[in-house]
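Quick heads-up: it's one chain on its own, the form predicted alone, in structure tokens.
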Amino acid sequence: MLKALKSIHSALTSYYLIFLLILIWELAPRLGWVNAVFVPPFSRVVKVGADLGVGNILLYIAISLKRVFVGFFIATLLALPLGFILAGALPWLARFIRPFTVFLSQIPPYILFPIFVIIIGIGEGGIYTVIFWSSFWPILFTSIAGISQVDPLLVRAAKAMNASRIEIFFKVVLPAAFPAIMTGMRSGLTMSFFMLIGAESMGADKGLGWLIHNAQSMGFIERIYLGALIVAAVGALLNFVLDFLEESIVDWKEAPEEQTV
């Protein structure tokens, strides 16, 4: 019994702070520490979610995730080959255009959204463009960095064994650069998801961003908190899935050495 309790305690250790925050959130408005109009109790937010319905919530999540994955897939489809070409075949061109690409990547997608709307129009096109812009640059930069940092000795050793260029790329370069590429893809997907919320609030009639924007417009305070909780939960789930995939696929990374005192 004691062993089982220790196991449960070990499993829940990372979540104690979350439980504490939920408890404070529930008690603070009820005890008058904060204004319940602007900070409703956690249970009231949960009740609003129950009234909205699991089906509607899942529908909003599905719509938002579809937009994220479409924009992210297009960005990956373009950024990865471009990064491989620039870092592997044309490194001089990568160095030449780097200041320009860095400049473009520093422009927030929110600022460009009105321009995207003017060029592409209101609706899905502008939202997909924001997602594409948000995820394209991390994937491009990390793929270039990953390819550039491949140990030249590995490439020379492969050439000494008469390996073809295709074999060198898929058996030496790509495995060595893949951890960095996965990091960029995780950053791009996370960034595009949170940028989506802002894009949906400006040009959509469904989705998590629309849920928050609509609640703000109508003065539904509980729905604003509900939308924020759902966004945080889905973002955490996406990050967990990507971490799991990286650990499952990139199984050749060296484990960090333990330091002994």
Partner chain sequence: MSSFWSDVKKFVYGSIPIILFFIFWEVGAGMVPKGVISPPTEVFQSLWAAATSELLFRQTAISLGRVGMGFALSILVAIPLGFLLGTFFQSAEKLLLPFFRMCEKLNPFAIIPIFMIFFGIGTAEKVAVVFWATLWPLLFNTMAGARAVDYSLIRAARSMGATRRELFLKVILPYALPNIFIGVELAAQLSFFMIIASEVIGASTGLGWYYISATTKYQLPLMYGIVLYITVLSILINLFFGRLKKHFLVWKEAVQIH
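Numbering follows the first chain given and starts at 1. Keep in mind that this is a model prediction, so the values were computed, not measured. What we label the rigid core is the largest C-alpha set whose atoms superpose within 1.5 Å from one form to the other.
We do not show the form predicted together with its partner chain, though everything after this point is about it.
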item: Its partner chain contact in the model of the complex: Ala233, any heavy atom under 4.5 Å; value: yes
item: Close approach of Pro41 to its partner chain in the model of the complex, 4.5 Å, heavy atom; value: no
item: In the model of the complex, Phe170 touching its partner chain (heavy atom, 4.5 Å); value: no
item: Touches its partner chain in the model of the complex: Leu77 (any heavy atom, 4.5 Å); value: no
item: Contact residue in the model of the complex, from Pro91, Pro114, Pro81, Gly125 (heavy atom within 4.5 Å of its partner chain); value: Pro114
item: One residue of Ala204, Ile197, Val45, Val68 in contact with its partner chain, assessed in the model of the complex (non-hydrogen atom, 4.5 angstroms); value: Ile197
item: Stretch in contact in the model of the complex with its partner chain, which is absent here, among 139-147, 157-165, 95-103, 82-90 (heavy atoms within 4.5 Å); value: 95-103
item: Full three-residue contact with its partner chain in the model of the complex, heavy atom 4.5 Å, for Leu52, Asn56 and Ile61; value: no
item: Partner contacts for 135-153, taking its partner chain in the model of the complex and a 4.5 Å heavy atom cut-off; value: none
item: Shift of Leu65 between the shown form and the other one at or above 2 Å (CA, core fit); value: no
item: Cα displacement of Ala36 between the shown form and the other one reaching 2 Å, rigid core superposed; value: yes
